[in-house]
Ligand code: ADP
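Here you get one chain, nothing else, as structure tokens; it is the form predicted alone.
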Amino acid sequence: MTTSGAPAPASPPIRASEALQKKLAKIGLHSEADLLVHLPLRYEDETRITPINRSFGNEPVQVEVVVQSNEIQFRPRRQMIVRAADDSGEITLRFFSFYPSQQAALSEGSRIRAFGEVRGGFFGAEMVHPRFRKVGDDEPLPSELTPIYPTTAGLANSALQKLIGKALAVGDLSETLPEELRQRLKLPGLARSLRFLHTPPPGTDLDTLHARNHPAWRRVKFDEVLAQQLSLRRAYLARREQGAPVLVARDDLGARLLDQLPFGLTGAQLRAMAEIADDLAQPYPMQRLLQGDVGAGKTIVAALAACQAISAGWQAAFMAPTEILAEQHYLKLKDWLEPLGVRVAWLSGSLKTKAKREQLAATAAEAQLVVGTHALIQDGVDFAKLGLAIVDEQHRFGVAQRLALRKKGDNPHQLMMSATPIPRTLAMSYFADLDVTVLDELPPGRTPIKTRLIADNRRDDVVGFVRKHVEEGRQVYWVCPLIEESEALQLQTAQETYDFLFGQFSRLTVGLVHGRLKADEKQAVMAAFAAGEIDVLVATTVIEVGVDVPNASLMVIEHAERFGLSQLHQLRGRVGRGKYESSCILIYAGPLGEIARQRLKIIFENTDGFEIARQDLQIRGPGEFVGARQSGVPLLRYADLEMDADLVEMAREVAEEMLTEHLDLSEQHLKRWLGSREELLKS
């Protein structure tokens, strides 16, 4: 057993000129260790020469030729035309941008090797912008495939090859997986895998390399995922070393809240409450993510958690990303809790000076639950005794903002909520430092939502459908992606749509809400819509989350092809909250790009948010799901969450074992894969 936990020695810095070091730093290369795990994007086969007369095809080839002539032409545009030949035929090399040094290297009589795709041109065989180099007679061919690395402007692939070659010769390739563990996982050795991926021998199947399913790639991907799991797990365990208030209810506040509700909890909500209640009673801070599809009932679970904190003699804070959403939560929580004797305060940026002073005083004294926006974390906001911080739509807040809320108390428990379902593999990897609770049941009574796709040239049909809907006593959302005119995107704007619908519906009330309205104006419009005084509400995506109007049973989304899947699903979830049959109409403008077509197909065919999220992850990758949650968690460069889900499972189990029994190897592993980036996770 190796449990010393001594810091692993830092990897030596890259030996290069200051100018070269700056270029390397742009792509995250600072040390020898960074070079060793900077792996190729693809490979090219320069181990063989193809005669010109056999070079036509879809694959790049290498030819060895002697330059016959070199001239600069200026029509139809400036270009360098190089004519060259081998024993089998002639070829034209065409360059549209070039340096004098390249022109000199391609002078008449020069022997060169050019690599690129050969196609038929005006003068026969032609390569456009091939990679080339000057060679001597009988110069030997490379003994391995040529790796093509991720690079940056001014940093040649050949320079990276040389630096990585040196690192392979002298760098630390020591094994960080115990031999017994490596054998159990059936993984090849690290040194062998890295050398193979940087210098594959001739005859290696390029398809296997490019698909990244070779055993050497599998080892590298496992190590990368393991580093992420080790780092997040270590952050998780470090937080457990910190003290936190023990929140054990001293009265029946939670039970009284449940008794007065007009609905019962689902099995998923009861399970979530049990997990959260247990966490709050521990002497270390809870870090739990509560996620569930639109309408799964996260707010009542959060309210019950707040009741436990309040019953234990502490305060709870509830922070939401937008004023509309925060106020909706405030009104709902106030309606639930004030009849039970709970003092609820409200903090937002739009409060007038006197009201703000009163709410700040309440927060610092008698308020038991404080609801608000980012205003909660501003200087001058003091809590009397904050024991629980609840963050809604957590992905919209950055690390610093959530830390600021935590610092308002003495290391309070944190409950983060998200209505954007997180695919299981993503939760296992990027959210491994959190305990995750999933509400996987919808409350009874949620009506199914019919989704319709309609081209924008059938707008009149949509207008007729809206009119019929309102005549039946229902209300309608009509969502647009932009506020102002944009000639570049040619999108229908909220203001234009409002004017158009106002003209169409002379006997109906049409409202408009968007992000540039003052807070009190937005609140007035939303209150009027909730009260049934507005029939059709034209809006931007400020209504994406949290708005709950049971009588609204039709959602029209303008230019649906411009929205992401998560947004479309969230918007669709604004309807279907009452007893009426609900619909969502997605108006799209053609022609559709491939990704837009995929998105619309997915949202049309699926209502399960987790399935939508899974397919969205395949299209977009994890970046947009993770957002600003933890800037210290690096996006995986090599592993693919869908294709390599089994590696994530393996790494989760191995991380626990490594941190328990092999601390020194864990340190070395983290230094190799994360270096200084891991420090960002400790916040």
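Since we're looking at a predicted model, the values are computed, not measured. In this text, residue numbers run from 1 along the sequence as written.
In what follows, reference is made to the form predicted in complex with the ligand, a form of this protein that is not presented.
- Item | Contact residue in the predicted complex, from 83, 446, 424, 210 (heavy atom within 4.5 Å of the ligand) | Going through each option in turn, the one that passes is 446.
- Could you spot which one of 437, 176, 368, 266 gets a heavy atom to within 4.5 Å of the ligand in the predicted complex? Only one listed residue qualifies here, and that residue is 266.
- Can any non-hydrogen atom of residue 332 be found within 4.5 angstroms of the ligand in the predicted complex? Yes - in the predicted complex, heavy atoms of residue 332 and the ligand come within 4.5 Å of each other.
- Item | Partner contact for residue 297 in the predicted complex: the ligand, 4.5 angstroms, heavy atom | Residue 297: contacts the ligand in the predicted complex.
- Answer yes if any heavy atom of residue 577 is within 4.5 Å of a heavy atom of the ligand in the predicted complex; otherwise answer no. Residue 577 belongs to the contact set for the ligand.
- Might residue 558 be said to contact the ligand in the predicted complex, defining contact as any heavy atom within 4.5 Å? No - in the predicted complex, heavy atoms of residue 558 and the ligand never come within 4.5 Å of each other.
- Message: Given a 4.5 Å cut-off on heavy atoms, tell me which of 288-296, 245-253, 123-131, 139-147 is the interface stretch with the ligand in the predicted complex.
- Response: In the other structure, the partner sits against 288-296.
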